[in-house]
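Next comes just one chain, in structure tokens: the form predicted alone.
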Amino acid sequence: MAQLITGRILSFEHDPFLAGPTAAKIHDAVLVEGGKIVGLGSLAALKAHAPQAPLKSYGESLVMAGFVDAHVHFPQTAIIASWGKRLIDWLNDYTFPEEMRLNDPAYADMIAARYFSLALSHGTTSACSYATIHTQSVDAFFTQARTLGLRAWAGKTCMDKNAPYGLRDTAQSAYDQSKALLQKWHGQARLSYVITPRFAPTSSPEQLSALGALWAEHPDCLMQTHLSEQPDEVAWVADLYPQARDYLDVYEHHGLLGRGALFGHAIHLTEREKARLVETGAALVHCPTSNSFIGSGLFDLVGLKSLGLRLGLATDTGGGSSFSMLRTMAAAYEISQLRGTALHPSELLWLATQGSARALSADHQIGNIALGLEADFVVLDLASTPAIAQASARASDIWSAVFPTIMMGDDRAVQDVWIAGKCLPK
């Protein structure tokens, strides 16, 4: 049965980075049926089109596409906000010991369920996640996502060196297990497999080549990894791969650069790397809370966007310090301010929805309220706390009403979450 939803319905007709705030439109109502958006516009017109459709009214709340988190490590859910480490120490002291625990299928299932519960409570309706080297961690993530009806991406994280023995595979087992998981899960329900070398320092040339070969065999899959997160990491890669022109060249040499490549962080890029990323159509993912929490640096969002690169936004759970895409947008705003540009609220909301969906090559499916797209929504109460309410009450337009929630909002602002046209129970 069709369902009619009213409120302040936010839809993007263009990219606000290119067209300005007028790229976004506010509508009276949206009509959903069969998990898809089938109508958008005035309440009167949609009621005339579907007179029997039940009505759900959200008054002055903002109804928008659910948040799309383009770079997540769901196995790190339990270690989020651990104190005082930079990247390499973070991996050795927190990440690797925790990831070893997901060898236990029951623990993997528990962490996957906990991750999705926390993500959904903050309005995230889609995520692209790294798992661990354990096949059961991928099964846990996808099983939970399928049960919830979510559109989601994940892959077995592959590592055969510079990691504890309990977290190492081999070039052959990485290929074989990734292929088996891909054949099991890719295209099932709303799920997609992602070929996932963790990053160049933890994969041998043989493993990178094996995963590059797998990607060449399955080019409809995405490939995700990390790139130039911290200066000492970049220097490490240069020592490990002295023949490479730069960090990105390591991936390209092994067949891991192309339209479906998704690179997390990408803070310390050379001019050659930027040009090559543009040429190949790869996407970058901005992880602002992680970049500040682990001390990685200031991502050049405006500069890279001006080059025409596809950019997504992500919490980077658990190197990132929050499960909230609202907090992530606030951090992106703050980092951009430090680089001299005040991002507009429309740009921030676009990054957290349509931008991430484009990075994942899924903007034809999710990330916007538009005809034919899947009906994944988040409903935001723009007066969820006294501090936000008093700021929103002074608003002169929709953007000054939304901005306090972006900067100060948390899970209390998430009034409802809709997945494939159905409102999740509280």
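For every residue, the number given is its place in the sequence shown, counted from 1. Since the model is a prediction, treat every value here as computed from it, not as a measurement.
We do not show the form predicted together with guanine, though everything after this point is about it.
Although the partner is absent from this view, I267 stays clear of guanine in the predicted bound form, with no non-hydrogen atom inside 4.5 angstroms. Contact between Q76 and guanine in the predicted bound form is found at the 4.5 Å heavy atom cutoff.
Guanine is not shown here, but in the predicted bound form it comes within 4.5 Å of a heavy atom of R198. Although the partner is absent from this view, S324 stays clear of guanine in the predicted bound form, with no non-hydrogen atom inside 4.5 angstroms. Across the proposed site, T124, A152 and E374 without exception lack any heavy atom within 4.5 Å of guanine in the predicted bound form. None of F293, F116, Y175, W90 but one reaches within 4.5 angstroms of guanine in the predicted bound form through a heavy atom, and that residue is W90.
Comment: 223-231 is the region of 100-108, 274-282, 347-355, 223-231 lying near guanine in the predicted bound form, near meaning a non-hydrogen atom within 4.5 Å.
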